[in-house]
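Take a look at this single chain in structure tokens; it is the form predicted on its own.
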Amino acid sequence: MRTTRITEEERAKAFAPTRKPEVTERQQLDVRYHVEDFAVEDRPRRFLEAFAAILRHSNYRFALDHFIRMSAKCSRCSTQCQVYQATGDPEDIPCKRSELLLSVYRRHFTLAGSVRGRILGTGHLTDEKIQEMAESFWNCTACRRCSMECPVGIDHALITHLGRYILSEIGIAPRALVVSTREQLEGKTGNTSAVPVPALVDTLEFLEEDMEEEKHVAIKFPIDKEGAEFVFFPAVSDFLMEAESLMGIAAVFTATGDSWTIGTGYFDGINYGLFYSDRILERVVTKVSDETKRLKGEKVLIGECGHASRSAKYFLPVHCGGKDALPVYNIMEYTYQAWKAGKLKLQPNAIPERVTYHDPCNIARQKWILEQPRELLKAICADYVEMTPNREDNICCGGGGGTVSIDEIRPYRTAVGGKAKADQIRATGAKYIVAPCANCKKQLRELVEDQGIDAEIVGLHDLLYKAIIFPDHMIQPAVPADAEDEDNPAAEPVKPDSAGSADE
């Protein structure tokens, strides 16, 4: 699906400066996102030192050696890049962006490039080029859609990630991500949203009371239960913003009777290291593994979050045990398997409004989770429609790669990065957009608001909560409003209604 280019007025708003001129001058960095103060002297030298250290302690060199031997300038990737389609700017062509870093590698880290550069006296890394990379790499959503079109298989998102990683090592990284990960790894609360344990417990108790009142079922959030099959790690922001998703997940486990728990030692699935720093990524997945082992859990269960799922699924084996690493499941996999096994019963046509499904890039691009949520939605929705394109060819929400966390670039995200997605949503005419990812939910809510689209963004388990049919033995007797009247007969057990909840 293509989109039209933004107007000059939209461009001016999307790319408007967000920083005070004196800050830009002091940091000698003209970018739109906020950056903590860092040493500005000898940036090229420090960039190359960081690049060399990363190459020495990782396997990026093998990929870069392959990429520089290929032609990375055909621009076929531009046909799949929603950012380039919206701007029409050659600087936004993925292979043009990748060449910013590949040229540095070719000049400074290959024998031929070093010899040629010394003889000709050209190609040296400069402050101007670092400035260009700092701006360009954070215009990318890292959705990897461009790589599907590349005839030689160059992974432009991987190059973007590496460029961000190097920049972060010399102090150039969005402050929104740096502050959050600092609290997650070194702060008192130990999570990116700074949620203290007492607040977590109070929130879950409140939701339990709310669900019991609504469903007349004792739906619980087990806390620090040792030996559970699943230890649950949602995006911690869910505890603040996605109550309906959490309620749906708890309801699923109550209906199936399987064991799960939330740990108070660590309960955040968010891993911003996937976006900008491998060092951060490793430390976060290690916390997930350690907490699961502390509780003697058997499996890691990630909530409705694309990047949290991908970082745990693919990097727990890398950093926490290889073949012996704990198995990782996304909550949609669990719910689907329980439903197929007959452990979870759902009410057909429980959702009458038109519903469509958004594929989060981090769980769809590599064809990991595609059909499971669709089958569940078709089982409970009377009017389910698809976006086009979809599944592994999906269009990114526009806030991928961590950009959704950078609030100061919201105009860019909703006018440029998310423009194609907005067109796609409008075409469905759907009332509910199911987006099983914390980052996608935030971006899409801002997108439909800024683009004037009449749609509601929900999680998969938000809708499943409305459709679950609990076994009769779980339904508790309802207490009538006039129970204090002595003439009132004893309360009768409440039976499920057509949507699986209890009659009022």
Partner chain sequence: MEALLDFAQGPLFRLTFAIMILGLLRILILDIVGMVEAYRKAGDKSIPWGLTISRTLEWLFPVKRILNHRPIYSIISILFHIGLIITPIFLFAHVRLWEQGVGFGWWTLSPQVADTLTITTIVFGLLLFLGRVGVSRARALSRPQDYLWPVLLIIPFISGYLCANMGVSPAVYQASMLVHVLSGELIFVALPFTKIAHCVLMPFSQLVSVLAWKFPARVDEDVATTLDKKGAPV
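Numbering follows the first chain given and starts at 1. Everything numeric here is computed off the predicted structure, so don't read it as measured data.
The next section is about a form of this same protein that is not shown, the form predicted in complex with the partner chain.
Across the options 87-95, 119-127, 379-387, 215-223, residues that bring heavy atoms within 4.5 Å of the partner chain in the predicted bound form belong to 87-95. Out of the listed residues Pro151, Pro327, Gly429, Gly265, Pro151 is the one that sits within 4.5 Å of the partner chain in the predicted bound form by at least one heavy atom. Of the candidates Ser103, Gln372, Ser75, Thr256, Ser75 is the one whose heavy atoms come within 4.5 Å of the partner chain in the predicted bound form; the others do not. When contacts are defined as a non-hydrogen atom within 4.5 Å, none of Val31, Arg175 and Val300 contacts the partner chain in the predicted bound form. At the 4.5 Å threshold, heavy atoms of Glu135 stay clear of the partner chain in the predicted bound form, well away from it. With a 4.5 Å cutoff on heavy atoms, Gly227 does not count as touching the partner chain in the predicted bound form; it lies far away.
The shortest heavy atom separation between Tyr165 and the partner chain in the predicted bound form is within 4.5 Å. Among heavy atoms of Gln476, none comes within 4.5 Å of the partner chain in the predicted bound form. Residues Arg365, Gln366, Lys367 of 353-382 are found to place at least one heavy atom within 4.5 Å of the partner chain in the predicted bound form.
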